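What follows is a single chain, given as structure tokens, in the form predicted on its own.
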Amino acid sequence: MKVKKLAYALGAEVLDVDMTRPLAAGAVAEIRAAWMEHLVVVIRGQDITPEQHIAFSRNFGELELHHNKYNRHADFPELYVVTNKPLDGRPSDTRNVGRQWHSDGAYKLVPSLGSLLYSREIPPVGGDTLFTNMYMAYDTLSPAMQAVLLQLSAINDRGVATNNEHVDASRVAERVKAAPPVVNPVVRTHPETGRKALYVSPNVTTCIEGMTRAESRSLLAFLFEHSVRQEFIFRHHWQVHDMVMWDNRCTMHMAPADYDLTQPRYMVRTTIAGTPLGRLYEGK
């Protein structure tokens, strides 16, 4: 098994993997080691079934069932469908998902550990996904700023996510009821690597706990801008049958509308369950 770096800050391609067959424990360990080192792992040329996608993902932890039941795969609830194609005769809720930087599940009491996204249909050009290294975002802050942030927590609210505007109001209400606002640390320590990562998401982080929104606004605006400096970013150009896995504990990602939206894009994702972090927000 070979590993080839894809960008300066994060991202690597793992070669010589065949997901159509069960992986030996040693191979799983090698992939996991590459994942921990490079944060985003790309495995190309995997013509796999839904069952094989799920089986591969389970090598890395327990799988979540996404709270948005409307976009779960009809036959495999472990798979979350990300597409601009109609589903069951209605517009897909995920046709405009991911347009802003975020970490999957940052609005939950148990944020998602990792995500494994597989491409089945892609547009002729565009449809990329960008990733940013949140270790690097933290490490490049001044010691004084790091010391301040280590004392702070932030409110993350699913109800303010930008893609809500493309979803029926009743479904947004369901989502918020299932995942009410939470308070999470602004800096989290990765449980496997021990490294500190900035943990704020423009898509859902609304305020620093204990501060007013006006007081929070400038600090969060700085952190959001700082987190996505060009030198922190890897841009993945999809090919059909790519599997891309990323660590939500130390990255953010976003999917820009950089393609002809009339062209089909069909992806399926498994999500690795994480561990509890933070607490429910009890303020107004």
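For clarity, every value in this text was computed on a predicted model and none was experimentally measured. Note that residue numbering follows the sequence shown and begins at 1.
There is also a form predicted together with ligand OGA; it is not shown, and the following applies to it.
Visitor: Among the candidate stretches 210-218, 102-110, 150-158, 187-195, which one is within 4.5 Å of ligand OGA in the model of the complex when only heavy atoms are counted?
Guide: In short, 102-110.
Visitor: Only one of Ile122, Met136, Val82, Leu79 has a non-hydrogen atom within 4.5 angstroms of ligand OGA in the model of the complex; which is it?
Guide: Comparing distances to ligand OGA in the model of the complex, the residue within 4.5 Å is Val82.
Visitor: Taking ligand OGA in the model of the complex as the reference, which of Ile233, Ala255, Met243, Ile54 has a non-hydrogen atom within 4.5 Å?
Guide: The residue in contact is Ala255.
Visitor: Within a 4.5 Å heavy atom cut-off, is Val182 in contact with ligand OGA in the model of the complex?
Guide: Heavy-atom contact with ligand OGA at 4.5 Å: absent for Val182.
Visitor: Find out whether any non-hydrogen atom of Ser92 is located within 4.5 angstroms of ligand OGA in the model of the complex, and reply yes or no.
Guide: Contact with ligand OGA, no.
Visitor: Does Gly114 make contact with ligand OGA in the model of the complex, using a 4.5 Å heavy atom cut-off?
Guide: It does not: once ligand OGA is placed as it appears in the model of the complex, Gly114 has no heavy atom within 4.5 Å of it.
Visitor: Heavy atom to heavy atom, is Ser201 within 4.5 Å of ligand OGA in the model of the complex?
Guide: The answer is no: Ser201 has no heavy atom within 4.5 Å of ligand OGA.
Visitor: At a 4.5 angstroms cut-off on non-hydrogen atoms, which residues of 127-148 are near ligand OGA in the model of the complex? List them in order.
Guide: Heavy-atom contacts to ligand OGA in the model of the complex: Asp128, Thr129.
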